[in-house]
Ligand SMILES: Cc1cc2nc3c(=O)[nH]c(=O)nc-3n(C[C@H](O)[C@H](O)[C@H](O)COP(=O)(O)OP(=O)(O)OC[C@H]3O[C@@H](n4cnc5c(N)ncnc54)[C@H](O)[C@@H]3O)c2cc1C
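As structure tokens, one chain now follows by itself in the form predicted on its own.
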Amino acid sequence: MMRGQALIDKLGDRLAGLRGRITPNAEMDKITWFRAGGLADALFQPADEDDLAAFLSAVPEEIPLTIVGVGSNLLVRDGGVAGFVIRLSAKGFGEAEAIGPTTIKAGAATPDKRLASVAYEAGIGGFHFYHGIPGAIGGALRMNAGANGVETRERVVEVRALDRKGNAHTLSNVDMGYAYRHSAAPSGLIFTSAVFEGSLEDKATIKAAMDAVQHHRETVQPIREKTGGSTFKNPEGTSAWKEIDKAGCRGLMIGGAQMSPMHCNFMINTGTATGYDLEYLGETVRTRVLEKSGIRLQWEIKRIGEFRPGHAVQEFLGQLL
């Protein structure tokens, strides 16, 4: 695989006419909340959906493409990311507006918190939970993000997406195939926008619900740390943090990575953590929980890229498969 500028030079005229920004050897630690990880061969930030479609149709299918959002629940490995990383811009994909009495359309780069704010201003209830989710709509659509007893699947009407060739598709709620923290929509689709449905509600009631979400976050989550949010999905019948706590992993450190003493399902970079430190810590926690409770925790944080030579991390540390 060609790296960096060589990859861009090879494509040459194929990329001519694109209006978005292409950056070779992009520093992924600058755009992930963990502030760790290696370089992407190239980063493309499309100007808008048409620009993204042109890019997708121009880049040969053998070149890997990886889509990222605001980098909140993303762990990048130290060996970097092959091919192009696509990051949707706020300018081209970050608009959100009420398009009906209880309906909102939002671009995939719209912060979840912004969607909650637009809903509040329009007097549309049912979106307060987004006020406490530190991500963007594209990620929420892909992973069925939820909080405070509400999930994305309860609000989605339809989703617009582009495929690997740049063709547009519209997916219904059923097409998205939602389950807990999961969508069955094809992984190669890039979500660009979505339409959501709520209900008419008094603004004071909405504001009270948003304030409650914010208070909960500030009192139980390490929101001022370099963190990726919830590290593991909740297993059926219990909470990930309870199992992590029972396994003695609250505050556990490996290198510069630590399971938060405040909320032990949050992994934090204390300042010097590498991608390896973070992933090794996560797999150590999974191993100890499996030994203690017989539960196989599943990652909620998305991990991308290649391991640095000699620094691969095996699932459950390769011990209890």
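It should be emphasised that the depicted structure is a prediction, and the values quoted were computed from it without experimental measurement. Start at 1 with the first residue shown and count on from there.
As for the form predicted together with the ligand, it is not shown, yet the points below apply to it.
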How about G71 - does it come within 4.5 Å of the ligand in the predicted complex, if we only consider non-hydrogen atoms? yes
Using 4.5 Å between non-hydrogen atoms, is A122 touching the ligand in the predicted complex? no
My question is simply whether A194 lines the interface with the ligand in the predicted complex - judged by any non-hydrogen atom within 4.5 Å. no
Tell me, yes or no, whether E306 is in contact with the ligand in the predicted complex, where a contact means a heavy atom of each within 4.5 Å. no
Tell me which of 246-254, 71-79, 114-122, 167-175 has residues with heavy atoms within 4.5 angstroms of the ligand in the predicted complex? 71-79
Let me know the one among R153, K105, K242, R181 whose heavy atoms come within 4.5 Å of the ligand in the predicted complex, would you? R181
Indicate whether the candidate residues F44, A53 and H131 are all in contact with the ligand in the predicted complex, with contact defined as any heavy atom within 4.5 Å. no
Along 292-318, which positions have a non-hydrogen atom within 4.5 Å of the ligand in the predicted complex? E300, K302
